[in-house]
Structure formats: structure tokens, C-alpha cells
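Here we start with a single chain on its own, the form predicted alone, put down as C-alpha cells.
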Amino acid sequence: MQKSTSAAVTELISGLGSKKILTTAEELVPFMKDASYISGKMPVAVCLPENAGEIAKILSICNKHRLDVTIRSAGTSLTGSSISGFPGVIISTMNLNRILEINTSSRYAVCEPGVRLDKLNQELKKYNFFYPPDPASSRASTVGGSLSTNAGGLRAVRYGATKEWVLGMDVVLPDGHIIRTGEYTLKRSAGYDLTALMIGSEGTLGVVTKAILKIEPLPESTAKIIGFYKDIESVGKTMDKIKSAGITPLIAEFMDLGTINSIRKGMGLEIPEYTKFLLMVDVDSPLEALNRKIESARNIFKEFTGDVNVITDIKRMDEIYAARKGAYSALLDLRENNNQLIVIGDVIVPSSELAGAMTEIEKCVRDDGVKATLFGHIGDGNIHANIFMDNTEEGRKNMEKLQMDIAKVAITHNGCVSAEHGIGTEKNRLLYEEYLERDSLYTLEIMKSIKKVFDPNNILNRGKIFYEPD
């Protein structure tokens, strides 16, 4: 450990106490991994602050000593956002885990970053409210992590991504200053929108210590409609017609046969033999109008497939919903060996472009000869290619080529290389290629300039988002 690093760790222990600073190898090793396939460097220390003041003290010390800092909540990042590529300090926000206020009249909840999303919704349900952003990892993922990546999830077709649901936040800057962005009000016209700037910044600009989140009343009554298809074009046509008919689903999901087979038992559905794709749509309505909306949606399904299930039993709907959210872990059972890893892609195109993009992505998978399954949020055009990667140098190269090929399909169809997982270190080259294709690399230079204003010493989440070509 270098002298300046050692001095910084000593100062951290002195300032926060030894119980809040982890330094032994046994304590540090778990922080070298997150939910991605990427491995990080062993940190020199992990800090466990309990409030904004302690985070400010940590950052002030690290900034003085020019010590790299990585921000981490639950470690559910799929792109390596919560691990460090440099020996430095990790700040865990998991001890900042309180729901500070629920205000149903003004429709907001105030939370610390370590609050898990499912816990927040369990509390809100007592008031017949909920927080709409719904990543598949909501059982483990936190408010802070979802803010850092602008998480989306299954309900994004109706409610959009996290950025639509944040009124304001408290943020600790790299030099230890604490600022408030936004407010408790739905409307605000007061200069630059720093709240929006922080969302999706992946811990590169500051550390969120409190968030003011918008909440919604729970849907009154819902139904799930499931159709089985021979081809992706018919899935896309069904979805296009549903939306064109003025029906905005709560959830609209598709999955290919590989994904269906991985969660078949959990869904408890009989799958027709011809099935290559499944479309699952949730609709909601006041109780007295639900049957009319179900019938409208079902008639559209029947134009493109003969097998349609309608489910209104809440318990069955919850079981199928849980099975879909567990698709990633279920796919682990389809690995060819225990050393094989699954890398989840995350591109997005306009929903009207999805059928064409999917056809091209299927061709990429065949041409590259890499095993992959496909599912995603069809209502907003989000495609997850789950790539089975051999954990070898050749296997990684094959995975990276397929990721790049899929990214180019998304870019060609006016989409983006990351819909909801963030950039981290996994996708920084893909992001570069997107802006290169758009003839807008200067956009990245503006982002770097903003980063320099907030973090002139470049200590926060260094190496994330930005790719430097040779």
C-alpha cells in the first residue's frame, strides 16, 4: 500500500471508527464482484457510513489524498458499475436504508439509497400506493442503484424509467459538499435540472443520500393475457395494434422458446408445440370496465395467434410475474457446464422497430455461433440477449463480438446500446460506437467536461461510462 493510500485509510479509521472501515482481505474480497461477469480490483478499504455527514467526511479525505472511490449499493449491477478497476475505496450505502416519509396527498416517498425496491413497495401497499420502476432484480436492488443506472423494468411500457419518478435528491459531491437538487413539488422551473443529470450517472458525479420519489395509486383491477406465436413478426404486429387501439399495458413482455423452457414450471402453463415466442400483456381498468378491455385486447391477439390465455386470478398472475422476473436465474440451469457464464445484453429500439430488429438479432446469433436466448420488454422495444459465454479468452471474444453486432442492429434501428442496465465498464465501447455512428462524439466530450466540473480530481467511479480508443 502506497504511503498516501495508507495515510488516507488511517484518516478514515480515525474519522469514522474502525467498525465502519473494513480492511482485511476476508472482508474485502466479496466487494471485487457484483452481478456482472466482470472482476474488479481488491479495494484497500470498504467504508460503511450511516449518514450523509459520514459520506461527506469519507469523500473529503479521499479527494485530498486523490484516492479512487467506487459507490456501491446491493451490487446488482450487470455492467460492472459497482466494482473498481483501480485499487481504492468502496463506499457501501447499504446502511442508509430508511424510508423517511410517505406522503400520499402530495404523492411522494422520501428514501435513503439503501432501501430495497420491494421493501419500499411493501410499505406503500399499506396505503394502496406503489413506486412504478420495477427492475427484475427489485427484490435485491436499491433506490440508489436504480437511480445510478436509470433503471426501467417490466412496467416501463406504462410508466417509463426511473427518471420519470424522481422529484429531487440530496447528493454529496467528491469534495464533501452536500447539495439539494430538485424539490418536493411536481412542478419546478428553477435553472438547470441537476436531478436529471444525476440519474444515470452511475456514481461518477456524486453520492445520492436521499431521494424524493413520486408514487402512484395501485391499479384497481388487472388481467394477464398470454399468447403463443410461431414468429416474432406476429408478436410485434400484435403489440403495435394493441397500442394503436389506445390500450397502454401495465406490462408487455416477450420471450423466446429457450427462455420459456427455463421458466415453464414456474409459469404453470401448457405451451403449444408450435411455440417459438410468447407475448404476455397485463391490462388494468376500473373493475366495471375490465372485461371490456380484456375483450378488446384478446380480439387483437386472436388476429395473429389461435392460442390465447386470459388470467384474472391474482395468485396465478403473481406466480407468472415472479417466474418472468426470475428468468435470468432460471437460465443458469441451461448452461452447458458450471464454468459457463450468462451475460445479459440490454439494447433498445423504438417499439415499432422491434420485429425487424429481432429478426436481425436472431441472424447475428446464428452467424456468430454463440448460444443465446432472447426476452425483453416489447412494449418499449427493450431486448435482452442472454449470451452463454464460455469462461475463456476465446469465449469472451465471441461474446464481445455478438454484443457489438447486436448493438449495431440497435443503432441502425434508431435505438440505444443500453436501455436500463447502464454503461459501467462493459458497454463503454458500445456507447462510443453509438455516438460515432451518430457523428456526435462531441457529446461524449461534453459529458467528460461535466464530469470534470463535479469531480476535478477524477476520483469517483473512474473508468465507468467513457471509453478511450487506442
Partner chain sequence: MNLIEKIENITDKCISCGFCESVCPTLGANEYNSVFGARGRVILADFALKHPGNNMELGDSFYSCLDCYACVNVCPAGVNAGVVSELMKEYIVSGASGNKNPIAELIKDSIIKYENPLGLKKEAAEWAYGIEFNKSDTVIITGHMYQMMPYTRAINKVRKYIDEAVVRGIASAIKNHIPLIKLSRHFYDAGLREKMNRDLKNIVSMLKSSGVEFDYLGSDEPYPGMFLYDLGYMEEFKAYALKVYNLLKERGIKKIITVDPHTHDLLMNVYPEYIPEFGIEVVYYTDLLNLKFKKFNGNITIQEPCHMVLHNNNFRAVDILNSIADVRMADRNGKLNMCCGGPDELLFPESAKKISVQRYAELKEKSDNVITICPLCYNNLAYDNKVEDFSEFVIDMISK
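Just so we're clear, the structure is a prediction, and the values are computed from it rather than from any experiment. Positions refer to the first chain, counted from 1.
Same protein, other form: the form predicted together with its partner chain, not shown, and the subject of what follows.
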Selected contact from R155, H384, R116, K210, since only one has a non-hydrogen atom within 4.5 angstroms of its partner chain in the predicted bound form
R116
Picking from T248, N97, S234, S352, the single residue whose non-hydrogen atoms come within 4.5 angstroms of its partner chain in the predicted bound form is N97
Although the partner isn't part of this model, could you tell me whether A74 comes within 4.5 Å of its partner chain in the predicted bound form, counting any heavy atom of the residue?
yes
Close approach of K33 to its partner chain in the predicted bound form, 4.5 Å, heavy atom
yes
Mark A136 yes when one of its heavy atoms lies within 4.5 Å of a heavy atom of its partner chain in the predicted bound form, and no otherwise.
yes
Can any non-hydrogen atom of L436 be found within 4.5 angstroms of its partner chain in the predicted bound form?
no
Among the candidate stretches 171-179, 334-342, 211-219, 297-305, which one is within 4.5 Å of its partner chain in the predicted bound form when only heavy atoms are counted?
334-342
Residues in 365-396 close to its partner chain in the predicted bound form, defined by a heavy atom within 4.5 Å, in order:
none
